[in-house]
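Let's start with one chain on its own, the form predicted on its own, as structure tokens.
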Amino acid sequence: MYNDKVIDHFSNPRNAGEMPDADAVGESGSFKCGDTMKIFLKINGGKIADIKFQTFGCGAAIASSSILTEMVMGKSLEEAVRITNRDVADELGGLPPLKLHCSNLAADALHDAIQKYRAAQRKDKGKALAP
């Protein structure tokens, strides 16, 4: 059902864990399957300097989160926000049709984290400009 790359990322997830000093945390979940994901980002100079994840779900969900962290580490926010669920699934070498939603969750959690980071930056910039 799963290829070797998916099994490897499920068995040996990369960048798993919390990041207490994260600059942004994105979340995603599915009521349909019960999977939930959190993506923690540390941003430095507009680039993803560090990324961690916590995923509670099936092997495909864990593998999708793990591969996503490798895909975006060191990328600019502009590059990272363009990553799609299809990119995540392709990087894993494919997922079974019933598990494609797991790659959606990973990309959605990343996009949520980036959106929250950008919103916080705009808010901070507005405070700096206020009299």
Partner chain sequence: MESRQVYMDHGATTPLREEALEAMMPYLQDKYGNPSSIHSAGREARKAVDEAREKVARALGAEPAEIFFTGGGTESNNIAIRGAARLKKGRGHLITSAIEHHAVLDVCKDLEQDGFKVTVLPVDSHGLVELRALEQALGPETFLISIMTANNEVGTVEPIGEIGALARERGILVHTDAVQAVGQLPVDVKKLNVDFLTLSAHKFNGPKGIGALYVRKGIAVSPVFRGGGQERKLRPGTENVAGIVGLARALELAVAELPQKTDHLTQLRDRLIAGLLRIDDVTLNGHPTLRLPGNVNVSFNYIEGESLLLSLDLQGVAASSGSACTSGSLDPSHVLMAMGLDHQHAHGSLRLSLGRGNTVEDVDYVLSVIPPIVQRLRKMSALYPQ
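Positions refer to the first chain, counted from 1. Since the structure is predicted, the reported quantities are computational estimates derived from the model, not experimental observations.
The following text describes the form predicted in complex with the partner chain, which does not appear among the structures shown.
Exactly one of the stretches 25-33, 68-76, 81-89, 44-52 approaches the partner chain in the model of the complex with heavy atoms within 4.5 Å, and it is 25-33.
For the chain shown alone, Ala120 is not a contact residue for the partner chain in the model of the complex, no non-hydrogen atom being within 4.5 angstroms. Put simply, Gly59 is close to the partner chain in the model of the complex: some heavy atom of it is within 4.5 Å. Residues Leu98, Lys99, His101 are the ones in 94-125 with at least one heavy atom within 4.5 Å of the partner chain in the model of the complex, listed in sequence order.
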